[in-house]
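Take a look at this single chain, the form predicted alone, given in structure tokens.
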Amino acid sequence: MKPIAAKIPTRRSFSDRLVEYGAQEKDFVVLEADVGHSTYTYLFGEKYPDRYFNLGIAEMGMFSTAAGIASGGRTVVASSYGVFITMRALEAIRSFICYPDLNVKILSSHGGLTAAIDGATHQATEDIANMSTLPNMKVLVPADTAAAAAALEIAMTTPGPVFTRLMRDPLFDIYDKGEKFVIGGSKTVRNGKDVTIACYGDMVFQALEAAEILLQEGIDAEIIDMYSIKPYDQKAILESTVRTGALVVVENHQKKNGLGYELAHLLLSNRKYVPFTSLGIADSFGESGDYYKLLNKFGLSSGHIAEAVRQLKV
């Protein structure tokens, strides 16, 4: 698959589909924590003002309200920036939404270092770990606009709480509009025979670029887009890794307690002893700056991925 420049960010694509879905399902409501013009949920508010509520900069209150509405049988979409959702409101999400397994769907914008210029306070680099740890929570991370639109569909049709991590800025598109995605699924975006690279979100594009670099050196990389983080596609990872004989995991997230840890456990539990490494943010906060410069600084660029593969193949 060859990436093409995206015209809109995944947060816009998710909210565009949300507006369309509002015509199909007329009972759900959308809650916002005073960043509706950033998450683009304001578009739903303009179309359906009686089903849209801005609860202000009060994320814990917003999710408590979401729990109350959902306990009455209505689905709720709650949106804000990922760092505030998964930090400020974690207790409410855990105890009031996940514990009773309510239908609250979370639109989480500014995932990882994609919130580049907004700095460490707005970069959600621990969100996957926090959400994946919660019982009953499902976690999605779409890489492009088609996947983001599909993530809304998955969230609304999957029982219980669903967390969708979205990006701040437009990056690239690789999937056709209408591409099918399922909970617990993955997409092999590049076939290869020498190493498997498992990634999600924006790291899919860095991995594809790394694969082109490696191909010039005679290394053929297979790339799997793990768009469903919880549950995830164990079968695809095991089959690919056994075939290629090596696994590199890349994520725009803290290395600790991320997908890399999960897949390492999967391999060891299944006695698949292959060369393995994972790339992520190494126990550090982010900082404000150009997105691509930040990827390079924190070891997540295509060049760093290619070097990690070389080290495994030595």
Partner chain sequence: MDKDTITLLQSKAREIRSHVLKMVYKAQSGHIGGSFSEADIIATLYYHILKLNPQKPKWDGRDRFVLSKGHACPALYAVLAMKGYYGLEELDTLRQYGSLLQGHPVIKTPGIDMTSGSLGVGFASAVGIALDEKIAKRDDYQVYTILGDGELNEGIVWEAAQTANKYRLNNLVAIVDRNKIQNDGRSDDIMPVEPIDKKFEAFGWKTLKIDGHNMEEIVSALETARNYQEGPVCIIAYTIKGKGVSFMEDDYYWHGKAPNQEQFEQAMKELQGGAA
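Numbering follows the first chain given and starts at 1. This structure is a prediction, so every number in the text was calculated from the model and none was measured.
Another form, the form predicted together with the partner chain, is not on view; read the next lines as being about it.
- Item | Position in contact with the partner chain when the complex is considered in the model of the complex, options 265, 271, 37, 26, heavy atoms within 4.5 Å | Of the listed residues, the single hit is 37.
- Message: Between 281, 246, 43, 55, only one gets a heavy atom within 4.5 angstroms of the partner chain in the model of the complex; which residue is that?
- Response: Answer to the contact question: 55.
- Can you say which of 190-198, 111-119, 150-158, 220-228 gets within 4.5 Å of the partner chain in the model of the complex, counting heavy atoms only? Checking each option against the 4.5 Å cut-off leaves 111-119.
- Message: in the model of the complex, is there a heavy atom of the partner chain that lies within 4.5 Å of any heavy atom of residue 19, even though the partner is absent here?
- Response: Although the partner chain is absent here, residue 19 would stay clear of it in the model of the complex, with no heavy atoms inside 4.5 Å.
- Query: Applying a 4.5 Å heavy atom distance criterion, does residue 275 contact the partner chain in the model of the complex?
  - Reply: No.
- Verify the contact flag for residue 84: yes if a non-hydrogen atom of it lies within 4.5 Å of a non-hydrogen atom of the partner chain in the model of the complex, no if not. Yes, residue 84 lies within 4.5 Å of the partner chain in the model of the complex.
- Message: in the model of the complex, does residue 297 come within 4.5 Å of the partner chain, counting heavy atoms only?
- Response: Output for residue 297 is yes: heavy atoms within 4.5 Å of the partner chain.
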